[in-house]
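Take a look at this single chain in C-alpha coordinates; it is the form predicted alone.
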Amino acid sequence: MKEWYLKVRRRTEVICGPLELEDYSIQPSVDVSPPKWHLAHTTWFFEQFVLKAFVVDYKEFNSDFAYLFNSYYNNAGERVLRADRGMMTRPIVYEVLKYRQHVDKGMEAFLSLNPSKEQLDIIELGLNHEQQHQELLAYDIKYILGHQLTFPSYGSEFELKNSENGGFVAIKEGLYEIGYEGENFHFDNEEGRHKVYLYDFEIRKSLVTNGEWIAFIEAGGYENFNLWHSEGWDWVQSQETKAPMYWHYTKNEWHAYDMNGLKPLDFAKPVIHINLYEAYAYAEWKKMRLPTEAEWEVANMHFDWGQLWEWTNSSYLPYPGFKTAEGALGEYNGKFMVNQKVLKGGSVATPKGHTRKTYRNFFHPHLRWQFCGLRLVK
(Lines give C-alpha, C1' and ligand atoms only; values in the text may rest on other atoms or scores of the structure.)
Protein backbone atom coordinates (compact mmCIF):
# COMPACT_ATOMS: atom_id res chain seq x y z
CA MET A 1 0.00 0.00 0.00
CA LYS A 2 2.83 2.44 0.83
CA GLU A 3 4.41 2.05 -2.61
CA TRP A 4 1.07 2.63 -4.34
CA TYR A 5 0.34 5.60 -2.11
CA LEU A 6 3.62 7.30 -3.03
CA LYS A 7 3.19 6.46 -6.72
CA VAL A 8 -0.25 8.05 -6.88
CA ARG A 9 0.87 11.11 -4.94
CA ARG A 10 3.87 11.64 -7.22
CA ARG A 11 1.72 11.30 -10.31
CA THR A 12 -0.43 14.30 -9.32
CA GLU A 13 2.64 16.49 -9.11
CA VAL A 14 4.00 15.15 -12.41
CA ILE A 15 0.78 16.23 -14.17
CA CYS A 16 1.44 19.76 -12.89
CA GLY A 17 5.05 19.62 -14.05
CA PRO A 18 4.65 21.57 -17.35
CA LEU A 19 2.81 24.43 -15.61
CA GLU A 20 4.25 27.85 -14.88
CA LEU A 21 3.74 29.29 -11.41
CA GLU A 22 1.07 31.70 -12.71
CA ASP A 23 -1.03 28.76 -13.95
CA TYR A 24 -1.58 27.25 -10.49
CA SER A 25 -4.10 29.68 -8.99
CA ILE A 26 -6.33 30.74 -11.89
CA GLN A 27 -10.03 29.76 -12.10
CA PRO A 28 -11.48 30.89 -15.47
CA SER A 29 -14.79 29.07 -14.91
CA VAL A 30 -16.86 27.93 -11.94
CA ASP A 31 -16.45 24.34 -13.17
CA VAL A 32 -12.66 24.63 -13.28
CA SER A 33 -10.62 24.37 -10.09
CA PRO A 34 -7.11 25.84 -9.88
CA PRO A 35 -4.32 23.22 -10.03
CA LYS A 36 -3.09 24.46 -6.64
CA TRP A 37 -6.50 23.64 -5.17
CA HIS A 38 -6.36 20.06 -6.52
CA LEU A 39 -2.90 19.58 -4.98
CA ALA A 40 -4.18 20.76 -1.60
CA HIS A 41 -7.62 19.15 -1.61
CA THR A 42 -6.32 15.65 -2.35
CA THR A 43 -3.88 16.14 0.54
CA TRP A 44 -6.62 17.38 2.86
CA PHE A 45 -8.52 14.14 2.22
CA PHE A 46 -5.75 12.04 3.81
CA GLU A 47 -5.17 14.52 6.63
CA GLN A 48 -8.88 14.76 7.43
CA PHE A 49 -10.00 11.15 7.10
CA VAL A 50 -6.85 9.28 8.11
CA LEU A 51 -4.27 11.25 10.10
CA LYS A 52 -6.64 13.42 12.15
CA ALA A 53 -8.99 10.47 12.61
CA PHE A 54 -6.52 7.79 13.68
CA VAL A 55 -3.23 9.39 14.82
CA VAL A 56 -3.55 10.68 18.40
CA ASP A 57 -0.54 13.02 18.38
CA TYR A 58 -0.86 14.22 14.77
CA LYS A 59 0.03 17.89 14.33
CA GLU A 60 -2.15 19.62 11.77
CA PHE A 61 -0.15 21.50 9.14
CA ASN A 62 -2.38 24.58 9.09
CA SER A 63 -5.74 24.89 10.82
CA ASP A 64 -7.09 27.09 7.98
CA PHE A 65 -6.57 24.40 5.34
CA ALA A 66 -9.57 22.32 6.41
CA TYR A 67 -11.77 25.29 5.52
CA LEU A 68 -9.88 26.29 2.38
CA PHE A 69 -9.62 22.85 0.78
CA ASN A 70 -12.73 20.91 1.76
CA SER A 71 -14.77 20.38 -1.42
CA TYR A 72 -18.34 19.33 -0.66
CA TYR A 73 -18.21 17.31 2.58
CA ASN A 74 -20.74 19.07 4.81
CA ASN A 75 -20.08 16.59 7.61
CA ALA A 76 -16.42 17.68 7.64
CA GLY A 77 -17.20 21.33 8.36
CA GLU A 78 -17.34 24.70 6.60
CA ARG A 79 -15.69 25.23 3.23
CA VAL A 80 -14.91 27.86 0.61
CA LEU A 81 -17.53 28.14 -2.12
CA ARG A 82 -16.48 26.39 -5.32
CA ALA A 83 -16.66 29.59 -7.36
CA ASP A 84 -14.23 31.30 -4.95
CA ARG A 85 -11.37 28.80 -5.24
CA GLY A 86 -9.60 31.07 -7.71
CA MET A 87 -9.59 33.92 -5.18
CA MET A 88 -6.94 32.16 -3.10
CA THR A 89 -3.56 33.55 -4.10
CA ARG A 90 -2.62 32.51 -0.57
CA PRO A 91 -1.48 30.01 0.52
CA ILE A 92 1.23 30.17 -2.14
CA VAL A 93 2.12 27.13 -4.24
CA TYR A 94 5.30 26.50 -2.26
CA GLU A 95 3.30 26.22 0.98
CA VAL A 96 0.84 23.81 -0.66
CA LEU A 97 3.74 21.61 -1.76
CA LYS A 98 5.11 21.70 1.80
CA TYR A 99 1.65 20.66 2.96
CA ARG A 100 1.80 17.64 0.66
CA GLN A 101 5.21 16.71 2.05
CA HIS A 102 3.98 17.06 5.63
CA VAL A 103 0.96 14.83 5.08
CA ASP A 104 2.93 12.30 3.00
CA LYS A 105 5.46 11.97 5.82
CA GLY A 106 2.63 11.34 8.26
CA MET A 107 0.99 8.82 5.94
CA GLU A 108 4.24 6.91 5.39
CA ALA A 109 4.63 6.58 9.15
CA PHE A 110 1.00 5.53 9.54
CA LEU A 111 1.25 2.91 6.80
CA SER A 112 4.24 1.40 8.63
CA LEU A 113 2.07 0.69 11.69
CA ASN A 114 0.00 -2.16 10.19
CA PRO A 115 -3.30 -0.27 9.72
CA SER A 116 -6.60 -2.10 10.12
CA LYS A 117 -8.73 -3.15 7.16
CA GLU A 118 -11.13 -0.28 7.87
CA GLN A 119 -8.24 2.19 7.75
CA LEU A 120 -6.76 0.64 4.61
CA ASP A 121 -10.17 0.83 2.92
CA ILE A 122 -10.31 4.59 3.58
CA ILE A 123 -6.78 5.02 2.22
CA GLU A 124 -7.71 3.02 -0.87
CA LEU A 125 -10.73 5.26 -1.38
CA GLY A 126 -8.49 8.29 -0.94
CA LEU A 127 -6.09 7.07 -3.61
CA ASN A 128 -8.93 6.45 -6.06
CA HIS A 129 -10.25 9.89 -5.14
CA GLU A 130 -6.85 11.41 -5.97
CA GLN A 131 -6.83 9.54 -9.30
CA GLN A 132 -10.18 11.14 -10.09
CA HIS A 133 -8.63 14.52 -9.39
CA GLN A 134 -5.68 13.68 -11.62
CA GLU A 135 -8.14 13.40 -14.48
CA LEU A 136 -9.92 16.59 -13.44
CA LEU A 137 -6.51 18.28 -13.38
CA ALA A 138 -6.06 17.39 -17.06
CA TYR A 139 -9.47 18.88 -17.88
CA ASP A 140 -8.80 22.02 -15.89
CA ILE A 141 -5.28 22.56 -17.22
CA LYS A 142 -6.57 22.23 -20.78
CA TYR A 143 -9.31 24.76 -20.04
CA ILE A 144 -6.85 27.19 -18.43
CA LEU A 145 -4.38 27.00 -21.33
CA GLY A 146 -6.91 26.47 -24.12
CA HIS A 147 -8.77 29.69 -23.29
CA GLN A 148 -5.68 31.86 -23.41
CA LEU A 149 -5.14 34.01 -26.48
CA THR A 150 -1.81 32.43 -27.43
CA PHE A 151 -2.90 28.77 -26.92
CA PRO A 152 0.25 27.72 -25.03
CA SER A 153 1.47 24.14 -25.31
CA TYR A 154 1.28 21.72 -22.38
CA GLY A 155 2.54 18.58 -24.10
CA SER A 156 1.32 15.47 -25.94
CA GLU A 157 0.61 13.17 -22.98
CA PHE A 158 -3.17 13.27 -23.41
CA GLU A 159 -3.24 13.02 -27.19
CA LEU A 160 -6.01 11.01 -28.87
CA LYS A 161 -5.53 8.25 -31.42
CA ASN A 162 -7.44 7.92 -34.69
CA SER A 163 -10.90 6.39 -34.50
CA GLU A 164 -11.34 3.84 -37.27
CA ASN A 165 -14.93 3.01 -38.20
CA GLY A 166 -15.39 -0.71 -37.64
CA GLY A 167 -19.12 -0.81 -38.24
CA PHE A 168 -21.73 -2.00 -35.74
CA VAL A 169 -22.07 -5.08 -33.56
CA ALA A 170 -25.49 -6.64 -32.90
CA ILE A 171 -26.61 -7.50 -29.37
CA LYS A 172 -29.47 -9.95 -28.99
CA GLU A 173 -32.59 -9.32 -26.99
CA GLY A 174 -32.50 -10.91 -23.58
CA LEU A 175 -32.01 -10.71 -19.84
CA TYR A 176 -28.59 -9.45 -18.70
CA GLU A 177 -26.92 -8.44 -15.44
CA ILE A 178 -25.08 -5.18 -14.81
CA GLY A 179 -23.34 -3.64 -11.81
CA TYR A 180 -20.20 -4.57 -9.93
CA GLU A 181 -19.51 -8.13 -8.83
CA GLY A 182 -16.29 -9.09 -7.08
CA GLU A 183 -13.98 -8.28 -4.17
CA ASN A 184 -11.71 -5.60 -5.66
CA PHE A 185 -12.08 -1.86 -5.17
CA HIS A 186 -15.14 -0.17 -6.62
CA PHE A 187 -17.27 2.83 -5.74
CA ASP A 188 -20.54 2.38 -3.87
CA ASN A 189 -22.58 3.65 -6.82
CA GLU A 190 -21.54 0.56 -8.82
CA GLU A 191 -23.13 -1.79 -6.25
CA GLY A 192 -26.48 -3.45 -6.56
CA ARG A 193 -25.82 -5.91 -9.37
CA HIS A 194 -29.18 -6.44 -11.00
CA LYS A 195 -30.97 -7.81 -14.04
CA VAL A 196 -31.99 -5.69 -17.01
CA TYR A 197 -33.98 -6.68 -20.06
CA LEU A 198 -32.63 -5.37 -23.34
CA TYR A 199 -34.20 -5.44 -26.78
CA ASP A 200 -32.22 -6.09 -29.96
CA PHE A 201 -29.83 -3.26 -30.78
CA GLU A 202 -26.68 -2.54 -32.73
CA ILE A 203 -23.88 -0.46 -31.26
CA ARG A 204 -21.06 1.16 -33.14
CA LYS A 205 -17.57 -0.23 -32.54
CA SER A 206 -15.86 3.16 -32.85
CA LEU A 207 -16.37 6.70 -31.64
CA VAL A 208 -17.76 9.47 -33.84
CA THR A 209 -14.90 11.41 -35.47
CA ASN A 210 -14.12 15.06 -36.10
CA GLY A 211 -14.66 14.53 -39.80
CA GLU A 212 -18.14 13.17 -39.19
CA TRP A 213 -18.89 16.09 -36.89
CA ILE A 214 -17.86 18.54 -39.62
CA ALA A 215 -20.60 17.04 -41.80
CA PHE A 216 -23.09 17.69 -38.98
CA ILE A 217 -22.01 21.33 -38.78
CA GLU A 218 -22.11 21.82 -42.55
CA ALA A 219 -25.60 20.28 -42.67
CA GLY A 220 -26.80 23.01 -40.28
CA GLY A 221 -26.93 20.81 -37.19
CA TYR A 222 -26.46 23.71 -34.80
CA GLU A 223 -29.24 25.68 -36.52
CA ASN A 224 -31.92 22.97 -36.75
CA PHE A 225 -34.08 23.10 -33.62
CA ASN A 226 -35.81 19.85 -34.64
CA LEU A 227 -32.71 17.88 -33.63
CA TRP A 228 -32.40 19.22 -30.10
CA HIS A 229 -33.97 18.76 -26.70
CA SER A 230 -35.82 21.92 -25.73
CA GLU A 231 -33.28 22.53 -22.97
CA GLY A 232 -30.46 21.81 -25.41
CA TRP A 233 -31.82 24.26 -27.96
CA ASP A 234 -32.03 26.93 -25.25
CA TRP A 235 -28.37 26.21 -24.46
CA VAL A 236 -27.30 26.49 -28.13
CA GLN A 237 -29.04 29.83 -28.51
CA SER A 238 -27.92 31.34 -25.22
CA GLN A 239 -24.30 30.28 -25.75
CA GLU A 240 -24.36 30.93 -29.52
CA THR A 241 -22.67 27.56 -29.96
CA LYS A 242 -21.48 26.61 -33.44
CA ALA A 243 -18.96 23.81 -32.74
CA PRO A 244 -17.38 21.69 -29.99
CA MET A 245 -15.31 23.38 -27.31
CA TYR A 246 -11.78 24.40 -28.40
CA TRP A 247 -12.75 24.52 -32.11
CA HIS A 248 -11.93 27.72 -34.01
CA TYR A 249 -12.65 28.53 -37.64
CA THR A 250 -9.72 30.54 -38.92
CA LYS A 251 -7.87 30.92 -42.23
CA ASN A 252 -10.78 29.17 -43.97
CA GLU A 253 -10.45 25.92 -42.03
CA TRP A 254 -11.27 24.42 -38.66
CA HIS A 255 -8.58 24.32 -35.98
CA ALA A 256 -8.68 22.81 -32.50
CA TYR A 257 -6.64 23.25 -29.33
CA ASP A 258 -5.26 19.85 -28.28
CA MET A 259 -2.84 20.82 -25.44
CA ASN A 260 -0.02 21.03 -27.99
CA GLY A 261 -1.31 24.33 -29.31
CA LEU A 262 -3.89 25.36 -31.87
CA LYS A 263 -3.65 23.04 -34.88
CA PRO A 264 -5.64 22.21 -38.03
CA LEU A 265 -8.42 19.80 -37.10
CA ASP A 266 -7.52 16.13 -37.51
CA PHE A 267 -10.59 14.60 -39.13
CA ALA A 268 -9.65 11.02 -38.15
CA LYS A 269 -9.60 11.59 -34.40
CA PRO A 270 -12.70 11.18 -32.24
CA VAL A 271 -14.69 14.31 -31.59
CA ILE A 272 -14.09 15.53 -28.04
CA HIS A 273 -15.66 18.13 -25.75
CA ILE A 274 -19.29 17.80 -26.79
CA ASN A 275 -22.02 17.80 -24.16
CA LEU A 276 -25.08 15.58 -23.89
CA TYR A 277 -27.21 18.08 -25.81
CA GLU A 278 -24.80 18.01 -28.74
CA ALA A 279 -24.42 14.23 -28.62
CA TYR A 280 -28.20 13.79 -28.66
CA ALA A 281 -28.65 16.22 -31.57
CA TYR A 282 -25.97 14.46 -33.62
CA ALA A 283 -27.59 11.07 -32.99
CA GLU A 284 -30.96 12.51 -34.05
CA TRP A 285 -29.38 13.85 -37.23
CA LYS A 286 -27.98 10.38 -37.98
CA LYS A 287 -31.42 8.89 -37.19
CA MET A 288 -29.85 6.86 -34.39
CA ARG A 289 -29.57 7.33 -30.64
CA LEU A 290 -27.20 7.18 -27.67
CA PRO A 291 -26.78 3.90 -25.79
CA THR A 292 -28.26 3.38 -22.38
CA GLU A 293 -25.90 2.64 -19.52
CA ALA A 294 -27.00 -1.00 -19.49
CA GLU A 295 -26.54 -1.40 -23.26
CA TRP A 296 -23.03 0.02 -23.08
CA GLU A 297 -22.02 -2.23 -20.19
CA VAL A 298 -23.38 -5.37 -21.86
CA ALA A 299 -21.81 -4.56 -25.24
CA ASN A 300 -18.43 -3.18 -24.12
CA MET A 301 -16.54 -6.42 -24.73
CA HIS A 302 -17.10 -5.94 -28.47
CA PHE A 303 -15.29 -2.62 -28.85
CA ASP A 304 -12.23 -0.74 -27.64
CA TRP A 305 -12.79 1.94 -25.04
CA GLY A 306 -10.75 4.28 -22.93
CA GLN A 307 -10.12 7.17 -25.33
CA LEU A 308 -13.04 9.29 -24.15
CA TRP A 309 -15.84 9.09 -21.64
CA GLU A 310 -18.96 8.26 -23.63
CA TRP A 311 -22.33 9.87 -23.01
CA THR A 312 -25.22 7.52 -22.35
CA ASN A 313 -28.88 8.42 -22.28
CA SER A 314 -29.25 7.07 -18.74
CA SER A 315 -29.87 9.28 -15.76
CA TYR A 316 -27.49 8.89 -12.82
CA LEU A 317 -29.71 7.09 -10.31
CA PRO A 318 -29.11 4.53 -7.55
CA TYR A 319 -29.01 0.84 -8.36
CA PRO A 320 -31.34 -1.51 -6.43
CA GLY A 321 -30.32 -1.76 -2.79
CA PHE A 322 -28.01 1.26 -2.85
CA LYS A 323 -27.37 2.68 0.62
CA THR A 324 -25.54 5.86 1.56
CA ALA A 325 -22.81 5.31 4.14
CA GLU A 326 -22.81 7.22 7.41
CA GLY A 327 -20.73 10.37 7.85
CA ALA A 328 -18.73 12.50 5.45
CA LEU A 329 -17.62 9.65 3.20
CA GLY A 330 -21.28 8.86 2.59
CA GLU A 331 -21.45 12.15 0.69
CA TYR A 332 -19.11 10.80 -1.98
CA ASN A 333 -21.68 9.69 -4.58
CA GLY A 334 -25.23 9.37 -3.38
CA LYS A 335 -26.13 13.02 -2.99
CA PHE A 336 -25.28 13.70 -6.63
CA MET A 337 -27.91 11.31 -8.00
CA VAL A 338 -30.11 14.01 -9.52
CA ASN A 339 -30.16 15.86 -12.87
CA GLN A 340 -27.02 14.18 -14.19
CA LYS A 341 -26.27 11.69 -16.95
CA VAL A 342 -23.98 8.64 -16.84
CA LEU A 343 -20.82 8.41 -18.94
CA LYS A 344 -18.96 5.14 -19.45
CA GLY A 345 -15.55 3.94 -20.49
CA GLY A 346 -12.72 6.21 -19.39
CA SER A 347 -10.45 8.62 -21.25
CA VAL A 348 -6.82 9.25 -22.16
CA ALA A 349 -6.58 11.17 -18.88
CA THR A 350 -7.95 8.33 -16.73
CA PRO A 351 -5.13 6.75 -14.68
CA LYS A 352 -4.27 3.24 -15.81
CA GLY A 353 -6.31 0.63 -13.94
CA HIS A 354 -8.67 3.20 -12.45
CA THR A 355 -11.75 2.45 -14.54
CA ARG A 356 -13.77 -0.71 -15.28
CA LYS A 357 -16.89 -1.53 -17.25
CA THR A 358 -19.13 -0.93 -14.22
CA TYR A 359 -17.62 2.49 -13.47
CA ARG A 360 -20.32 5.17 -13.42
CA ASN A 361 -19.00 8.62 -14.25
CA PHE A 362 -21.59 11.41 -14.20
CA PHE A 363 -21.93 15.01 -15.29
CA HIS A 364 -24.64 17.58 -15.91
CA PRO A 365 -25.89 17.56 -19.53
CA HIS A 366 -24.56 21.04 -20.40
CA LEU A 367 -20.93 20.38 -19.42
CA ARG A 368 -18.30 19.60 -22.03
CA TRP A 369 -14.89 20.58 -20.65
CA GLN A 370 -14.36 16.97 -19.60
CA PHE A 371 -12.81 14.51 -22.07
CA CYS A 372 -16.05 13.16 -23.53
CA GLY A 373 -17.33 11.88 -26.88
CA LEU A 374 -20.07 9.61 -28.20
CA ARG A 375 -20.87 6.21 -29.63
CA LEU A 376 -24.05 5.57 -31.63
CA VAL A 377 -26.73 2.91 -31.34
CA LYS A 378 -29.36 1.81 -33.87
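Quick caveat, the model's predicted, so the values are computed rather than measured. For every residue, the number given is its place in the sequence shown, counted from 1.
There is also a form predicted together with a further copy of the same chain; it is not shown, and the following applies to it.
Of the heavy atoms in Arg90, some are within 4.5 Å of a further copy of the same chain in the model of the complex. Interface residue remark: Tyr282 is not counted as part of the site for a further copy of the same chain in the model of the complex, having no heavy atom within 4.5 Å.
Contact check for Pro152: a heavy atom falls within 4.5 Å of a further copy of the same chain in the model of the complex.
The closest heavy atom approach of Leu68 to a further copy of the same chain in the model of the complex falls within 4.5 Å. Proximity of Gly86, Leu175 and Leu276 to a further copy of the same chain in the model of the complex is complete: all three residues have a non-hydrogen atom within 4.5 angstroms. Stretch-level contact check against a further copy of the same chain in the model of the complex with heavy atoms at 4.5 Å: of 344-352, 318-326, 53-61, 40-48, the positive one is 318-326.
Among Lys205, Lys242, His229, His255, the residue placing a heavy atom within 4.5 Å of a further copy of the same chain in the model of the complex is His229. The partner is not shown here, but in the model of the complex the stretch 138-157 reaches within 4.5 angstroms of a further copy of the same chain through a heavy atom at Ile144, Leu145, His147, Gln148, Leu149, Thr150, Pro152.
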